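First comes one chain, alone, set out as structure tokens in the form predicted alone.
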Amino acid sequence: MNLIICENYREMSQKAAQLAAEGIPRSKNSLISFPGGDTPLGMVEQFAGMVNAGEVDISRTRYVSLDEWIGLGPDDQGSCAWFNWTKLLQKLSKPFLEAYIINGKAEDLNVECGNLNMYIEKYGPLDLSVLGIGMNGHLGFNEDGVDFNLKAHVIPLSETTKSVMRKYFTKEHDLKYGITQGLLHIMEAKRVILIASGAHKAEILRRALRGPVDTLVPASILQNHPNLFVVADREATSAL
């Protein structure tokens, strides 16, 4: 585990973007994944700026989204697809080779899970997986109690996630399920970057990195990843 403690959110975002850029192979096609949400926003903006400045070449890189709220799509402000399109993909003057964005409005969610699995199997494994950590230790929508051995799946949202989700939306949504890459996808990634910011993440980050590896804290599985970078500000690492 490589722990990088930054002074503040801006420095964390810059360092995470730099590590993400370094995780993209130059000599072959690659596959990468970023999360959505408040914490990754600065990193995503930094990364897009590096691409547009010609500092990062993504012409041979495919992008796959991490997760989505069931029932929402790219036109729903606050959805993961909306974040991916408005905060990353539409900001790029030089696009990815291809992008696969999970469809939370798919008619058959089992088929959508299968399609996601096939995409990652065809073009993966992931060269790079960037992740945030939820207040319950979730990665994507791999909620507390999740089976570590799953690939793409649909999962009930935890009460913690449902209480936090309101900040992402300008109108009420009755969201009960998420669709997500599985922890097997994440653990097979060649480089994983976990980002965290703020004192409110300090205790769950401590449990994830220093506590037992347990499904009650899904992010704890990252202790077993051979190429993990944890990039966090001082407030988020205050309990370590």
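Throughout, we count residues from 1 along the sequence that is shown. Quick caveat, the model's predicted, so the values are computed rather than measured.
Keep in mind that the form predicted in complex with a small molecule is missing from the display, and what follows is about it.
133, 128, 146, 120: which sits within 4.5 Å of the small molecule in the predicted complex by any heavy atom?
-> Contact with the small molecule in the predicted complex is made by 133 alone.
With the partner left out of view, is residue 185 within 4.5 angstroms of the small molecule in the predicted complex by any non-hydrogen atom?
-> Close contact is absent here: in the predicted complex, residue 185 is far from the small molecule, nothing within 4.5 Å, heavy atoms only.
Taking the shortest heavy atom distance, is residue 66 within 4.5 Å of the small molecule in the predicted complex?
-> Contact check for residue 66: yes, within 4.5 Å of the small molecule in the predicted complex.
In the predicted complex, residue 96 touching the small molecule (heavy atom, 4.5 Å) | Heavy-atom contact with the small molecule at 4.5 Å: absent for residue 96.
Would residue 45 count as touching the small molecule in the predicted complex under a 4.5 Å heavy atom rule?
-> Residue-level check for residue 45: no, no contact with the small molecule.
When the small molecule is placed as it is in the predicted complex, which of 22 to 30, 35 to 43, 49 to 57, 211 to 219 ends up with heavy atoms within 4.5 Å of it?
-> It is the stretch 35 to 43.
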